[in-house]
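Only one chain is shown below, in C-alpha cells, and it's the form predicted alone.
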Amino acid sequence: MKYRRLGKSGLKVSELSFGSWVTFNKQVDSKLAEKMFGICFDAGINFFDNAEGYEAGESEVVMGNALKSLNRPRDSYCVSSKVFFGSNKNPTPTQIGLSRKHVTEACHQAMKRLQVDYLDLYFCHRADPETPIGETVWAMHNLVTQGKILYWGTSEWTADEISEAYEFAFENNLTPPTMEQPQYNLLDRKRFEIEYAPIFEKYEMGTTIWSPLASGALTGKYQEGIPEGSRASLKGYEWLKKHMIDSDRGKARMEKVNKFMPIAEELGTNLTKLAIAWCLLNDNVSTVILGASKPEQLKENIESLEVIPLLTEEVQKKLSSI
C-alpha cells in the first residue's frame, strides 16, 4: 500500500480506503465489519469513510463497534463523517442542512456513534442553498479550533461553490476546506477532470473519490440484469436500478462496460480491478474509497493495486476512446 498526501495538507492517506455507504447495517453487521476492517488494516488501509445519512446513522454505529472491538491505536487510522441529510427519517428543519447548529450537533452525534473523541475528516455532504457558505465555513472553523475535527471538506459541490468556501476562509483568516469527495470512475469523468481542473491547480485540493466501480456497473455483474443481493436489488435503492439498467443513459453506459471488459481480459485481469486501478492514475486522487459487502470482494478490490503497472499509455488511450 502506498500513501498520498491529502491535498496540500500533511495528512497521508492510503491509496485505497474503505467506505460504508449502502453496505453497513443493511448488508454488513458489526461482526462482519470487524473482519473486513481487519483485512483493511492488514493491507495498510488507514482511512474509513462514513456519514450521518448512511442508514440513518446506523452505519456509523456498526463502524464504531467494529473499530472498538479491534482496539487499534486511534492515531493509526482516520475516520470521517458527513453532514447534510441528517440521521432522522423524519427530520425537523434544524436536523438537516449546513446551518451552524446542525453542522455542530451532527459532529457531536457522529463522534458518539463512532465512539471517537474527534473526527479526522468532516465533509459537507452536499451544498446547502438555504445556508450562506460563510456560515458553514465559520462552523467548520470553530470545530477545528475546538479539536473536534482535524480537516473539513465538501462532497459533490460545484467548483464555484468550493471556490467561494476557499475565498471566504482566506478573507476571514479561517480554516479553508482541505478535500472534496466526488464521484469519479471510467464512466463519470467530466466534473473531476474538467470542472475541477482549475481548483485543483489553484487550491491543491485533496480528494477522497467514491464509486470507482460506478455503483457496481464496472464489475460487469449487471450486464444480464440485476443479481440478487446486489445494491440495485436492495429495498430503497430502486433509483439505482433505474439509473443503471432501465434508463436510456443506463443502457448507453452498459454498452461502454461491454467494450471495457475485453481490455481487462487482454491484460489478464478483470474489469473490477482495472477500473479501481485506473482511478489511481490521476494525481489529483488522494484515495479511492472501496465499498464491499463480503470479505472476498474487499480482498479482490485491494488486489487492484497489482494492475496499475499494466495500464500503459496505450491501454489508457483504448479506455479513453470508449
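The numbering used is simple: start at 1 and walk along the sequence shown. Only a predicted model underlies this, so the values are computations on that prediction, with no experimental measurement involved.
The same protein has a further form, the form predicted together with a small molecule, not shown here; the description that follows concerns it.
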- Message: Can you work out which of Arg113, His141, Lys221, Lys148 has a heavy atom no more than 4.5 Å from the small molecule in the predicted bound form?
- Response: Lys221
- Message: Considering non-hydrogen atoms and a 4.5 Å limit, which listed residue (Gln27, Asn258, Asn282, Ser69) is close to the small molecule in the predicted bound form?
- Response: Gln27
- Query: How about Arg126: is it within 4.5 Å of the small molecule in the predicted bound form, going by heavy atoms?
  - Reply: yes
- Is Gly57 one of the residues lying within 4.5 Å of the small molecule in the predicted bound form, judged by heavy atom distances? no
- Can you check whether Gln181 is within 4.5 Å of the small molecule in the predicted bound form, heavy atom basis? yes
- Although the small molecule is absent from this view, report whether Ala214 comes within 4.5 Å of it in the predicted bound form, heavy atoms only. yes
- Which one of these stretches, 113-121, 187-195, 89-97, 203-211, sits within 4.5 Å of the small molecule in the predicted bound form when only heavy atoms are counted? 203-211
